[in-house]
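One chain comes next, on its own, written as structure tokens: the form predicted alone.
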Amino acid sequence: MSPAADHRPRYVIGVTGLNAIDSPGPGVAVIRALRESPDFTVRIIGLSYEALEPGIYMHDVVDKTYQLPYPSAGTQVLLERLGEIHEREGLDVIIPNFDAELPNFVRLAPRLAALGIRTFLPTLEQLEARDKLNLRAFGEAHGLLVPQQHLLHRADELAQAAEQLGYPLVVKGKFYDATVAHTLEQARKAFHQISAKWGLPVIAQEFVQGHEINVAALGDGTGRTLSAVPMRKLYITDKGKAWAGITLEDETLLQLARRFVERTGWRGGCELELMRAADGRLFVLEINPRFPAWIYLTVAAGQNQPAALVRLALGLPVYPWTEYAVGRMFIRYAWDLITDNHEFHQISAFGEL
């Protein structure tokens, strides 16, 4: 179909998470999914925080990029910047993809809607309920197995936590990063590195041996699960990220995802990070409040979750998927993206490219 004959609606969509590195953000995968939707065409506005996010320079993926202020700058500065971008681009929808930025976007959602910018995000209460710091209590309240954990505000609290959790244990940041520590010295090193990057508290979590499984899900905000696709990690990087994975046929995983969405009334995309122990028990390690970096696999499996989220944001009907392709694999790869120095200077100096 030629562009002139394409009568589908065209939406201008802002997307964050363009850091397609060894610990990738979801942005590029979300954009690929949006571009493959049969329901609409898109102009993609990249929203970046760092000048070296590769997605900025992927001009066949992102049409235009603007830098945003860091989440720590607060909502008012973010609103002013988004207002400037909206005046120039006429944004229809924004899809934020970083945990740390979500509270600001959730707080601004009504004011963005008043400008004509739609979002489809969890509420602040939903964010807090599944937060890593509250996950153990959440699991107990809803019948989900969650590894034991301790919240650490000082490095000298590690020894007592290790006595209860044993070794190895997992040292985790409140937003990102996790390190498996086999000794107290390794745990202390991880504590200092993670606290310096993400702040306090740091989480010490029981290590569960088994197979890592993730489920990408989409909730409509009323307790209904519109999509759920489970994936088993086939290759894991030293940062714990899936570098290859395969879709699974497993009703137990789907039921767990549906239970989470139903109990929380989840609104938007999410990812359940699970560990299947040797005895078959499923432990919930984390619940991420946005699409995962591997979300394009859901498109390949027949459930385009990012495109469905756009329809939800615009108030258009979305019907639950009942099937997906089992055995679909993804294998992530890296390549050298060549750009010109003036492009880097442009985004660094002027905040847009």
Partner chain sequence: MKQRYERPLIKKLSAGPLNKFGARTETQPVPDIDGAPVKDLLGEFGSPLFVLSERQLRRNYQQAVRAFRTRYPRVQFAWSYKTNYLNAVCRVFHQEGAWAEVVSGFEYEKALLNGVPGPQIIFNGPSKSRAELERACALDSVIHLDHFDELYELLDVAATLPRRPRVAVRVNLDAGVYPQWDRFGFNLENGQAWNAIGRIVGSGRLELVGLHCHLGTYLLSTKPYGVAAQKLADLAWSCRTQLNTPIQYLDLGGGFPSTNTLKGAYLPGTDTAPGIDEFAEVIADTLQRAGFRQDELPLLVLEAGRLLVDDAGYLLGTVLATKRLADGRRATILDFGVNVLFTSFWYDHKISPAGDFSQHTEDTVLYGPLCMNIDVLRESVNLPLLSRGDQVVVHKVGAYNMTQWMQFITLRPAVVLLDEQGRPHRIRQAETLDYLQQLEEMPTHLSPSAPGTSPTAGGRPSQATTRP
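Numbering follows the first chain given and starts at 1. As the structure is a computational prediction, the values presented were derived from the model and not from experiment.
Unshown form predicted together with the partner chain; subsequent notes refer to it.
**Q** The partner chain isn't shown here, but in the predicted complex which of 275, 109, 246, 100 has a heavy atom within 4.5 Å of it?
**A** The residue in contact is 100.
**Q** Have a look at 89, 131, 157, 177 for me and say which one sits with a heavy atom within 4.5 Å of the partner chain in the predicted complex.
**A** It is 157 that has a heavy atom within 4.5 Å of the partner.
**Q** Would residue 104 count as a contact of the partner chain in the predicted complex, using a 4.5 angstroms cut-off between non-hydrogen atoms?
**A** Contact with the partner chain, yes.
**Q** Can you work out whether residue 196 and the partner chain are in contact in the predicted complex, taking contact to mean some heavy atom pair no more than 4.5 Å apart?
**A** Yes.
**Q** Should residue 123 be classed as touching the partner chain in the predicted complex when contacts are defined as heavy atoms within 4.5 Å?
**A** Flag for residue 123 set to no.
**Q** Quick check on residue 50: any heavy atom within 4.5 Å of the partner chain in the predicted complex?
**A** The answer is yes: residue 50 has a heavy atom within 4.5 Å of the partner chain.
**Q** Among 92 to 100, 162 to 170, 257 to 265, 275 to 283, mark the stretch whose residues have heavy atoms within 4.5 Å of the partner chain in the predicted complex.
**A** It is the stretch 92 to 100.
**Q** If you look in the predicted complex, which residues in 61 to 86 sit within 4.5 Å of the partner chain (heavy atoms)?
**A** Going through 61 to 86 in order - heavy atoms within 4.5 Å of the partner chain in the predicted complex - the hits are 70, 71, 72, 73, 74, 75.
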